[in-house]
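In structure tokens, the next block holds one chain alone, the form predicted alone.
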């Protein structure tokens, strides 16, 4: 099969690789039809997320099941599926209490041996382990682009709103309107937020945030971020701040903005240790949550998409083929041409 390899020096190239096959009773083999380039892929390539190199990249996908292991019960050959970026078994002690990020047998697709040694989605074929837990059927009423983000950034944005405890009438600030932040903005309508202020440096992303439900947007380059957000809310401190950038500046702003007794949900990957003003959070009795998304709600999100309540297709700003993915990677990594997400047809 053709696949995108990340080499030892961070170089990427399309190369022929052996076709994967069903290895365990819970596996399925998926012929991929659509994938995308994620910020996590860029971080892996450049060592921001440490990983042993020489692996097939990618972790977001839609495809068609070609073969199934003997123990698979939820899908059959010919089913269209979307899958979780984070692999988890669903039955270990951690998975049973909802801590799927720490699954004892799991890892991340397309991140090499350091993260479980699973295959990547920037390829023609993918072996998916624990398929009953890590894949979800796609109904015929939905096309690939409608569900492409279910297994990663949509689940993460939705998780940010849930983890923050957003309730009807809440004022919410979303700091960082990249792909995850935009998904969070869009999901806040499901929770009844009365005001949603999205902050981002890039005008194209602020425009998409408004299209997806933000009531106001701010540009951090225009002045102090906290002052700009409070001006947009009419001076009301946000009940919930969802931090989606992982930067020192946005983390500090989130802690300053959130009201006493409010919530701060961090779903932006900080990449390294960051400082937080813990005494301020302590004195304000702020509830802090964070982490990667739980991906056990994929069927629920698919139903919401099918009902017309979620539509993340505005995030797709560029469409390419697998043969063009190296150029697409450079475009995405350098944030050129107003790129937000690149859909890669296979």
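Numbering follows the first chain given and starts at 1. Owing to the predicted nature of the structure, the values given are computational and were not obtained by experimental measurement.
Below: the form predicted together with another copy of the chain, not depicted.
Annotated contacts: 158, 194 and 284 all touch another copy of the chain in the model of the complex [non-hydrogen atom within 4.5 angstroms]. Proximity to another copy of the chain in the model of the complex, defined as a heavy atom within 4.5 Å, holds among 76, 227, 71, 249 only for 71. Mapping the unseen interface onto this chain, residue 231 falls outside it, with no heavy atom inside 4.5 Å of another copy of the chain in the model of the complex. Another copy of the chain is not shown here, and in the model of the complex it never comes within 4.5 Å of any heavy atom of residue 319. Although the partner is absent here, residue 130 sits close enough that one of its heavy atoms falls within 4.5 Å of another copy of the chain in the model of the complex. Although the partner is absent here, residue 274 sits close enough that one of its heavy atoms falls within 4.5 Å of another copy of the chain in the model of the complex. Per the 4.5 Å heavy atom criterion, another copy of the chain in the model of the complex is contacted by stretch 96 to 104, the sole one of 197 to 205, 96 to 104, 139 to 147, 118 to 126.
Contacts with another copy of the chain in the model of the complex, taken as any heavy atom within 4.5 Å, map within 256 to 275 to 259, 260, 261, 266, 267, 268, 269, 270, 271, 272, 273, 274, 275.
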